[in-house]
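We begin with a single chain expressed as structure tokens, specifically the form predicted alone.
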């Protein structure tokens, strides 16, 4: 147990030091903030899909809910931004409780159900009839509390908490019980694992993470529209980063984010047509030859992956 915790702690420290130092080396704080957003979301997907087997295509729904709940608490209730972010996380947990019947589904049915739920939240938020509350399709303006550096530091703290949670799950009986449920829920239940409760905890944790990240994202960019925070590409990127690196590990989503998001910023912005082709080929090769992600290469050689 000690060695896994130490190796996980090393990954934890390297990642946080990277994001703390790099803005002073390369002055593009927004780039590193976006990277942290996707990494935290990928770790949230890792908790839900990697440890329980539920693939959340609608994960962006929790992200958008957190962004809007935090923003409304700041603008309407005059919460301090950090308190608003916490409220955004709690709002996403409330949404996950309301959507918990989705856990009765599995496989493609759950994926499609979660996607439909996220679209439902999007249409509610962007409804012109709710303009007095959510400002409908016209978006949110948080320029009065715009503090890019403070929001960046806050995102580092959130990422630290998220990675700490994943390290704990990776090395705890709770994580083992989740993996047992993923492999065979019937056998896990017969072995004494409370299947419904453990799944629900993972579901709530992943929603909390997305909500907190959404709130921090809203504060950092300050001006956004419903289409910005309910963009399905957010879910897709988080899922692909997780699958590319490898699930049920702390390191997998980190590798996936750095490789693919770095690749996206290298050629995806300037040459999007080539990026989409190469990106598709990479994913196809991954599914065919490395279905367990790139960390499986290390695992095959008998090495432990944190």
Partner chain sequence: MSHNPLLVLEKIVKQFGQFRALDGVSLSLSPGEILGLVGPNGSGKTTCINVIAGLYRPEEGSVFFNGNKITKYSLTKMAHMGINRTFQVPKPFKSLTVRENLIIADQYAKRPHQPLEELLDFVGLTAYASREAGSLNSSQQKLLDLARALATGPSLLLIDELAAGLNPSELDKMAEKIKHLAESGIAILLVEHLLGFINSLTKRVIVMNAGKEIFEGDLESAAKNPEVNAVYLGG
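Positions refer to the first chain, counted from 1. Keep in mind that what you see is a predicted model, and the values were worked out from it rather than measured.
Although it is not shown, the form predicted together with its partner chain is what the next lines describe.
Of the candidate stretches 149-157, 79-87, 221-229, 192-200, only 192-200 has residues with heavy atoms within 4.5 Å of its partner chain in the predicted bound form. Screening 140, 93, 188, 167 for any heavy atom within 4.5 Å of its partner chain in the predicted bound form leaves a single hit, 188. Against its partner chain in the predicted bound form, the set 174, 177 and 183 is in full contact: each member has a heavy atom within 4.5 Å. Taking a 4.5 Å heavy atom cutoff to its partner chain in the predicted bound form, none of the residues in 85-109 make contact.
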